[in-house]
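Below you will find one chain, with nothing else, as structure tokens; this is the form predicted alone, and questions on how it binds or moves follow later.
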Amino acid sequence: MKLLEYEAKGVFSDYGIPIPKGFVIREPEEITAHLQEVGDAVVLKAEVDVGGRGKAGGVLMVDSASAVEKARELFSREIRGVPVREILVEERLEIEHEYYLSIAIDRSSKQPVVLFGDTGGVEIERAAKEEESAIRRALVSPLLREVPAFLMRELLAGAPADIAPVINNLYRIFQEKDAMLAEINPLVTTPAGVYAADAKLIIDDNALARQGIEVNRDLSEREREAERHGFSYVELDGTIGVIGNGAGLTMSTIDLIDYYRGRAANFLDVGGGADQERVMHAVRLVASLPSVKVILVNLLGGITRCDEVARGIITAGVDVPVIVRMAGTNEEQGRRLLAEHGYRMVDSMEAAVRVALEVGE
């Protein structure tokens, strides 16, 4: 789950990373009571979970005289389709230089990787593409509590030594908060010292309970429903709904759809031993996706009984066409039930995908 900027900065501050003075407002008029805390020159930042917020008009440089009016204007906007409900009001820093700093997981080595660049801000991606050496990287063993001195020297390569404690504190946050990404862009130097001018922190969804987070705000309503039923579920951008049992079988189904130039609308694994009610909820959930033109159910019955699957599909009673390929325990009973209610059965996964593509055209 991605934290909003002010939430991430609260964590950073707790770990000793300097942040600008600021406060959060939910009404334009709230700004007046706190302006003395941040001075005459301020920054208004829309607290929305979207990328490219600054380029989309979600960050405004204003003076204290126009702050309320500009805040009202910002509250009336949508930033990349997301309405503005909260605004972070911060002091405007006297920036001398911008750097880039992030920590993520390097998938190939299965270790944290620290990325540091001498150029930060909104143009970091362009700078990294144009000059590979613009970003320096260091793999750090997860057994270590801080970045070793020799790696720190390689990362900084002449950047101010004051940045080293920030890197180590961000590394502690990354480890202790079960983060997938911890980023400061830009990390800035000013006459008063080093500051995290922006902050991004993404917590591993699997660790939310351990971090004391009860609700995953990043989930859509369908994803929340899938979580309630215990489904492994991911929304995609295609037109063929996919329901399987077992991650391997479900992924194979999606791969085969892609091979035949179709596009899956989702990944939904009902798990082993799915009964009638569980299958019913799965079919209804997938059918509720606006893009779905056909649903492909591909299940192998071991502890999952095919007659229970059939009853679940029938009970769901969705208007979207449902193509079924299932084999295993009580297969004949399941086939008979589906045939009696007019559902189309297919013998192989490849044939089922082909039929789904034809029906969904």
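None of these values were measured; they are calculated from a predicted model. Numbers for residues come from their place in the sequence shown, where the first is 1.
From this point on, the text means the form predicted in complex with a small molecule, which you will not see here.
Contact check at 4.5 Å (heavy atoms) against the small molecule in the predicted bound form: all three of 53, 59 and 93 pass.
Among heavy atoms of residue 43, some come within 4.5 Å of the small molecule in the predicted bound form. For the chain shown alone, residue 244 is not a contact residue for the small molecule in the predicted bound form, no non-hydrogen atom being within 4.5 angstroms.
In the predicted bound form, none of the heavy atoms of residue 175 sits within 4.5 Å of a heavy atom of the small molecule. Under a 4.5 angstroms non-hydrogen atom cutoff, the small molecule in the predicted bound form lacks residue 169 among its neighbouring residues. Residue in contact with the small molecule in the predicted bound form (any heavy atom within 4.5 Å), chosen from 111, 119, 185, 232: 185. Checking 204, 154, 146, 98 for any heavy atom within 4.5 Å of the small molecule in the predicted bound form turns up a single hit: 98.
This chain is displayed without the small molecule, yet in the predicted bound form the stretch 190-198 from 249-257, 138-146, 263-271, 190-198 comes within 4.5 Å of it by heavy atoms.
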